[in-house]
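The chain below stands alone and is given in structure tokens; this is the form predicted alone.
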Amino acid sequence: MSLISTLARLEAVESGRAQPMTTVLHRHLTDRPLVLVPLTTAGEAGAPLGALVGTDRDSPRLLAVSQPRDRDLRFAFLAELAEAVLPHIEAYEDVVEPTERNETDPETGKKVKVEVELCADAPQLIVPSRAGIDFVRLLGRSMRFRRTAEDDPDTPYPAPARVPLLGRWLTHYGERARVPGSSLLLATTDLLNRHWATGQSSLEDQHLGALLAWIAAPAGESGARAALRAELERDGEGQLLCPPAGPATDPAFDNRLLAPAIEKYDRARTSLAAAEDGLAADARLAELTAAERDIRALLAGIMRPTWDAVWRGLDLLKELPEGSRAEDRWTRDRWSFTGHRDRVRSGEPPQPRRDDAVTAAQKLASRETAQAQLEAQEALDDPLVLAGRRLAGEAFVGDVTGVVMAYSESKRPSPRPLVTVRTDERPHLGERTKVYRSLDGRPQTAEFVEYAAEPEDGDAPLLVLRITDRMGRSKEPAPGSVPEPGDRIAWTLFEHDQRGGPKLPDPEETPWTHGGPPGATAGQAERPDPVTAEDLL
């Protein structure tokens, strides 16, 4: 935790209100996000119990599983989820814009510009908390390998036709959520925690109701008291007034309301199966329908507060102006969405269970680059975020007091002006340390030369910096490329644009020490662990 985050949390405790951590919105929010509030069965990972999904805050679509242990009902839930999600995704697939991209010519090996299609926008998925992202990833993993009757007519439990396709999309969204700065799949709690600091722990910040209580507490009440009420207050039946949908349920809800409702449903279904004539079957079918309706009403009641809280959180976030570089990161999300659309349409197989060594290394390297780039862009977009880097000695703001023109010692001298900067801060500068400033949206590099004078107690030090690039090709610097006396400039010790790592070998050239060559295991399915004498069957 940075120093400024700690200070913000301490101030939140003292004031009783959440404190802003940013001045702009650092994630892109679309005008029509798809909100998903999932609910799972207690004690069984990945067993869906219900969900609210939709783009209209006033009329969500309710999906429910009356008996989570029933495989057919769970498949019906997944099929209904596919009907709710896939049309929203497919609505963005064919709205494209032409653009140019650099690609390598296979014959010459040179970079050439080719015209390709880029989706003009991408569907955004919002869940309540970080656990919801894990559930989306788990659903994708469990669905994308399902066999349908069309794929294999002899499969014992064929999945509905659209379920594997939804699994592939959910897997892609879950993987994309691991890329720092991505906005395809977002958790509302993570969004709010990035932009506000509360006076509670990070674990408590994952409770959406408590988090909103700190940010928008009722008038005359402290955030701590409002958050405590959101976490613990119950009604006359012992049920939480702000039930969690994380996506686990409250044990009191499971024991007192849900379990009796499911038992009633099971009895009605057993009774219907034992009916001996049509009149009895009609009566028992009505009982089964009523039991199913009760379960749906219970699930809708426990998920609706979370659904409303997600939209309130989005309203708070949309009050902030969007950061200037958030759109660039959203463009990368659009490229990611377009690439997966093309892979699905070309008939490529689903994403593998495990990545090969090269793919895993590429993902890790790209995420590390994205993290460094995100931290730099947020600091450049937001003076409050930059203040945290300044407190850490990773940036400083200073006034230009003088500029002396100098040139490099080479056959063709280039301008290397010396800029004297006065600053009240103490950046971590060493000999020839590189610093950067933003010039017309691009980084300009300088290097630290020396202190013009040793700072005395209470005096601001004078730094001498040598500008090294972005001044044009002529002997005289281009207009505006060199700071002028009186300019107040923010300098950073971190790079604005992160460079990629070394090129990795092709999968077929991966050494055996890193899991290759893959030809030895290509085409072989994963085998289960051998049965031992200790296994209980």
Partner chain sequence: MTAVFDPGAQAARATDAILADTLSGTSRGIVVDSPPGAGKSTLVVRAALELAAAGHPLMVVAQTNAQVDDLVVRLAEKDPGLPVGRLHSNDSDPYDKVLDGLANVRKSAKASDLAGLDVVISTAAKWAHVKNVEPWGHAIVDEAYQMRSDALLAVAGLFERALFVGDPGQLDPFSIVGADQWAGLSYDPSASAVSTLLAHNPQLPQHRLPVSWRLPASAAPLVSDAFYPYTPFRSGTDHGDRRLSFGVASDGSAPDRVLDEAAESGWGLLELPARHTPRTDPEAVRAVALVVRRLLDRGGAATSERSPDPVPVTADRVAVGTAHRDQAAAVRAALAELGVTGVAVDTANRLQGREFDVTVVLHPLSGRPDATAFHLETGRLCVLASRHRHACIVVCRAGVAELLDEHPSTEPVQLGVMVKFPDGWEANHAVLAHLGEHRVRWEA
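Treat the numbers as computed from the prediction; the structure is a model and nothing was measured. Residue numbers count along the first chain shown, from 1.
As for the form predicted together with its partner chain, it is not shown, yet the points below apply to it.
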property	result
is_contact(Pro180, its partner chain) in the model of the complex, heavy atom dist at most 4.5 Å	yes
Distance check, Ala357 to its partner chain in the model of the complex, heavy atom within 4.5 Å	yes
4.5 Å heavy atom contact, Glu175 and its partner chain in the model of the complex	yes
Leu504 within 4.5 Å of its partner chain in the model of the complex, heavy atoms	yes
Proximity to its partner chain in the model of the complex (heavy atom, within 4.5 Å), stretch among 362 to 370, 279 to 287, 84 to 92, 115 to 123	362 to 370
Selected contact from Lys110, Arg345, Lys411, Arg432, since only one has a non-hydrogen atom within 4.5 angstroms of its partner chain in the model of the complex	Arg432
In the model of the complex, the residue from Lys318, His428, Arg442, Arg267 that sits within 4.5 Å of its partner chain by heavy atoms	His428
Sequence-ordered list of residues in 312 to 336 near its partner chain in the model of the complex, where near means a heavy atom within 4.5 Å	none
